[in-house]
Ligand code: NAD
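Just the one chain here, the form predicted alone, laid out as structure tokens.
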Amino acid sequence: MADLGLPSAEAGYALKHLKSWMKPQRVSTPLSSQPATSKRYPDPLGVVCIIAPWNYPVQLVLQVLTGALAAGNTAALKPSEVSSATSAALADAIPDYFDSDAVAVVEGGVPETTTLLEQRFDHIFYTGNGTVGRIVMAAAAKNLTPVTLELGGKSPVIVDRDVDLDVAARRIVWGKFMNAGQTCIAPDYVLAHRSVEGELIDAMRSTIEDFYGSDPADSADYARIIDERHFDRLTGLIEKEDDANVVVGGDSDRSTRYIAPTIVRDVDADSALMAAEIFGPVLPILTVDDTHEAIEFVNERDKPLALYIFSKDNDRVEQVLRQTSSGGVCVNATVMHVSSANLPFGGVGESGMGAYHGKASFDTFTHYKSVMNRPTMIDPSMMYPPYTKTKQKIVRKLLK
């Protein structure tokens, strides 16, 4: 659904709308520049570099490539070496479908990526973490290359006291534990109203069993951690918490890189779990007394890539929307906004810059060339010296 379905849908959407996207757009011409016509012509940027992560290693190559090709660019693709089997599959398959002069795949790790970034591109599109994002941006600056950075962050879930807890539990569990939490917009932590925390945890515990059975290790629908390094990082976070606070899951198996869907309550705001994006199947629960406290908690931290609010109270929802900043928002849902081609997807602040999906992808890889066309049959003398007092008076009126 995520790794194959979304790029397929993106390609279909682009094919459907590309003819209209490519048309020069006529815009109005101010009276002071008449007679003339004005248009915006979409031009390809040129050669773009797409650096993709490992967590959705097909989607985050091909979905971005769709926008680059739709806008008329050529592309160098750098799949993640962490998901090495998928990288090799892409390198093998892409030459069968694309001319090598239009799309090239560069495999490898840090040395190859470093060499790639030393080349001059017309745009660099990077999806990953902020640490590498800064390296990419610094390399791009040497050639004044524009960048799109799709990063991540700690995406909060605010659960109001006035909420359908069963629905909230299902949608939070689904968004969090899909791909074992290895999703940049996965719910990273929950800010639950104090009055519903216990019931919410019970509902999520029941939902996890509904989704993955009594032992998620046996479920065909539950993923594994990408490698031992990330496995050790995640289990280390769990081990730092009091055992009594691990109310769901907590067990793991390094030989299979399995970590059970895990919920931790009574998490301290300064704990290791709250220090950085978790990017795994561990969900901390913190309690708040009201929406204002939840908003303050979110605003004291870096702007997240996604924010989720569950509430039946439209005024509280509007309060959250007005008083927080994030890349995107789902109301009474998680993750689903990423599936709409009509909603540009991107971050803000530490969670990234720029956006894509649908028309936004075409725009990201396009330079809109401004063209004004003035006829020669009429050539008003108002533009030319000498600038008499009469001309100045008329020009001032025209420019108002």
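So that there is no doubt, residue numbering starts at 1 and follows the sequence shown. Please read these numbers as outputs of a predicted model, since none were measured by experiment.
There is another form of this protein, the form predicted together with ligand NAD, and it is not shown here; the text below is about that form.
Only one segment in the set 108 to 116, 189 to 197, 202 to 210, 95 to 103 has residues whose heavy atoms sit within 4.5 Å of ligand NAD in the predicted complex; it is 108 to 116. Cys184 is the sole member of Ile124, Ala169, Ala294, Cys184 with a non-hydrogen atom lying within 4.5 angstroms of ligand NAD in the predicted complex.
Scanning Gly327, Pro284, Pro261, Pro79 against ligand NAD in the predicted complex with a 4.5 Å heavy atom cut-off leaves one residue, Pro79.
Among heavy atoms of Phe279, some come within 4.5 Å of ligand NAD in the predicted complex. Although the partner is absent here, Ala272 lies well away from ligand NAD in the predicted complex, with no heavy atom inside 4.5 Å. Taking the partner from elsewhere, Pro42 is found to have every heavy atom lying beyond 4.5 Å of ligand NAD in the predicted complex. Contact check for Trp54: a non-hydrogen atom falls within 4.5 Å of ligand NAD in the predicted complex. Taken together, the three residues Ala75, Leu90 and Phe365 lack any non-hydrogen atom within 4.5 angstroms of ligand NAD in the predicted complex. Residues of 373 to 392 placing a heavy atom within 4.5 Å of ligand NAD in the predicted complex: none.
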